[in-house]
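Shown below, as structure tokens, is a lone chain in the form predicted alone; questions about how it binds or moves come after it.
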Amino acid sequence: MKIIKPGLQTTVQDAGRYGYQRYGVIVSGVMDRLAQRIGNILVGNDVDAAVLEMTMKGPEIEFEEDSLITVTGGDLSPTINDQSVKRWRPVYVKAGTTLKFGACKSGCRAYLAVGGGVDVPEVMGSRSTYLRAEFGGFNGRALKEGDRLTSGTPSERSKQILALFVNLDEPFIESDWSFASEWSPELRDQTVIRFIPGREWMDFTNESQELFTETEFELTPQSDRMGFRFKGEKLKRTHERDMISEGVAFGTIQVPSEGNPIVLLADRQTAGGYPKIAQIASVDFSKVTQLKPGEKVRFQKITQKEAEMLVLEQEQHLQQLEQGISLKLREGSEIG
């Protein structure tokens, strides 16, 4: 793959760099884990395989060899050879074709998965780009014009999915099946983010707890892969006290002294010392990471039991996707 135009910020990311936080090395990885997993399932990769993460304005990419791809996540108006291409489904692209992205219609991050995964050297067991420390991914940075990326060896499953396509003389072919639309993250209410009360929930005044769940918070431009900063009604604790820094997770919501919540994300620090008012339910991580500055959300309190049931339901959908693909492959082999 040759990068003709790099877009606003296009990086190589996988599931993240785990096991090194005690040394001060952050996890990194994709922001929208659900979009990455679905993309890799659709092209027959391991769900943790490296993909391209594209933010707000996508790149222009020329494929220098035949490839099996899919685009998931936010709608950045993808086209192949200037023809609109559907997302959330496998697409065969012939060598010499060009994938472009246009206007950002919904969400803000799109993902390109390629059969075999994006092949860059592993650093500490991960191919993810850590931009601040300038390592991992492709030379530790966002992609630039003229960069060339290669894909890894396609799995047998990836080859079987590719074999379902016919008339491979076309510049590109979309599959006639896709991730079930009724399960699409885009169909969910993007304005409601569900959470479980955090470790310091009871440290906040009753009024602040009510404000947190009953008023809107707006995402500010001072947000990045490390954390999303929201502004709204100021949240106050019953009394100020010193806190010992402790581990934080993806989706932890901290409230510093000025009273506005910060949602910690992929490039979060390894430990935090601000009070943790809440922890976003993992089923809504995708919602949060697809927000754009200026968009508003409400936070909805749920129980841990409810959060567990929601993530189990999501995992069942992903299992059904894999089972559906297996059925397609079985039917294809029988016809062949």
Partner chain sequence: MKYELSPLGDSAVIVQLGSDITEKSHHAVRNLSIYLEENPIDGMLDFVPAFTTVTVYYDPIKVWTRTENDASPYEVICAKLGYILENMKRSKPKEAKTVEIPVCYGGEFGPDLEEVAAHNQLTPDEVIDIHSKGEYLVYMLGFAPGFPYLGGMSEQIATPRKETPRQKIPAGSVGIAGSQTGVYPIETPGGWQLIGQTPFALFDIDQDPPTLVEAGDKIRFKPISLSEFESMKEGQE
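Residue numbers count along the first chain shown, from 1. Quantities reported herein were computed from a predicted structural model and do not represent experimental measurements.
The form predicted together with its partner chain is left out here; the points below concern that form.
- Although the partner is absent from the chain shown here, 135, 252 and 312 each have a heavy atom within 4.5 Å of its partner chain in the predicted complex.
- Stretch 264 to 272 is the answer when you ask which of 38 to 46, 57 to 65, 264 to 272, 288 to 296 has residues with heavy atoms within 4.5 Å of its partner chain in the predicted complex.
- Checked against its partner chain in the predicted complex, the candidates 176, 258, 156, 145 yield a single residue with a heavy atom inside 4.5 Å, and that residue is 258.
- A heavy atom within 4.5 Å of its partner chain in the predicted complex is found for one listed residue only; from 243, 211, 120, 162, this is 243.
- Its partner chain is not shown here, and in the predicted complex it never comes within 4.5 Å of any heavy atom of residue 85.
- Although the partner is absent here, residue 130 is a contact residue: one of its heavy atoms lies within 4.5 angstroms of its partner chain in the predicted complex.
- Using a 4.5 Å cutoff between non-hydrogen atoms, residue 124 counts as a contact of its partner chain in the predicted complex.
- Taking the partner from elsewhere, residue 9 is found to have every heavy atom lying beyond 4.5 Å of its partner chain in the predicted complex.
- For the stretch 1 to 38, the set of residues having any non-hydrogen atom within 4.5 angstroms of its partner chain in the predicted complex comprises 18, 19, 20, 21, 22, 23, 24, 25, in sequence order.
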